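A lone chain, given as structure tokens: the form predicted alone.
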């Protein structure tokens, strides 16, 4: 935003209002334009001042913060951040249902407060931009799923950077979903510390709506992608696609992906390493599946099993499943012909080995396609984005088909026989 972010503080505690005002007093780009001590006054002040952001307490006299939020967002375009000592999931869910964009549990730091304000505004701007430019009918975005049956192959790094490359290439909205429900780290790839995650959507009564899904997502600091985070703790994964689901007959992952495809031009999904229900849904609904492997015997052995499941048992067309060989130029003792012949499958992309760039990006929370754009690794991700935006994907398809035909002519060799060839 070119102008300063205007903030309205709503809390029945004058001490809290004064404290928040002090926190924001010396923050460039942010200005406090008013205060309110109850929900009714908040509604009136919101209509009068039209602030960019409202910091809203929940428990207040006359009208509570949830009712005030619902009344405000119905009439004016603003970004409400709930602030409350009640930090449990129920309050978070109710706040999001009322129309809030974020939730901060008291006490919070200056950095947490400023980050929440800026993220709320950035999300609001993206939503407003999309509302202005969206066609009258819902779009059907392209769903891209990354999968591997073994961790440590660089799958998350590739998914994150492809999402950013797509956003840069197309100038359109791109969603990034972390479906590694137990140990997902997608938010760290962007240096994010979200207060919301996919599990919050699974606590909502009734059908999900696209607006609610977007409120739970967190925009990256560069505003290029919106991230739907994995649950904050591993045991909460069961609330998404396990026995702890609030409604046992609902496919939450399917509902969420369907809504995202209606809202975003591209939806990139990073998955865990097992064929659990949510992952299967992401694979079933994908337009393209990228199976990531690396040139070592244990990983290739797992990849062979994975390809058998995808192609034989699940009966996905070969054109849907693209094989990515990461660290392709590493000295592992296996040639590309060995790998192609052993897997009986063509390699769509040979990802160059650049541990320094990939590690720097992960540790700094900055995608390498932005900060290390002149590297071969970044070039490869840009090429992948280019191929996805081209209708026929002719260059990649022809390369893959040629490799598969070569594999068929030479005959299938078991992965373990490569050790003795």
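Numbering follows the first chain given and starts at 1. Computed from a predicted model, the values in this text were never measured in an experiment.
Although not depicted, the form predicted together with a small molecule is the subject of the following passage.
Checklist entry - According to a 4.5 angstroms non-hydrogen atom cut-off, is residue 354 in contact with the small molecule in the predicted bound form? => result The answer is yes: residue 354 has a heavy atom within 4.5 Å of the small molecule.
Next on the checklist: Can you tell me whether residue 68 touches the small molecule? I mean in the predicted bound form, with a 4.5 angstroms heavy atom cut-off.
Outcome noted: Answer no; every heavy atom of residue 68 is more than 4.5 Å from the small molecule in the predicted bound form.
Next on the checklist: Using a 4.5 angstroms cut-off on non-hydrogen atoms, would residue 215 count as touching the small molecule in the predicted bound form?
Outcome noted: Judged by the heavy-atom cut-off of 4.5 Å, residue 215 is well away from the small molecule in the predicted bound form.
Checklist entry - With a 4.5 Å heavy atom cut-off, would you call residue 102 a contact of the small molecule in the predicted bound form? => result Because no heavy atom of residue 102 falls inside 4.5 Å of the small molecule in the predicted bound form, the answer is no.
Checklist entry - Using a 4.5 Å heavy atom cut-off, which stretch among 110-118, 149-157, 197-205, 249-257 contacts the small molecule in the predicted bound form? => result After filtering at 4.5 Å, what remains is 149-157.
Checklist entry - Since exactly one of 303, 79, 145, 326 fits, which has a heavy atom within 4.5 Å of the small molecule in the predicted bound form? => result It is 326 that has a heavy atom within 4.5 Å of the partner.
Checklist entry - Using a 4.5 Å cut on heavy atoms, which of 187, 97, 273, 84 is close to the small molecule in the predicted bound form? => result Checking each option against the small molecule in the predicted bound form, the one that comes within 4.5 Å is 273.
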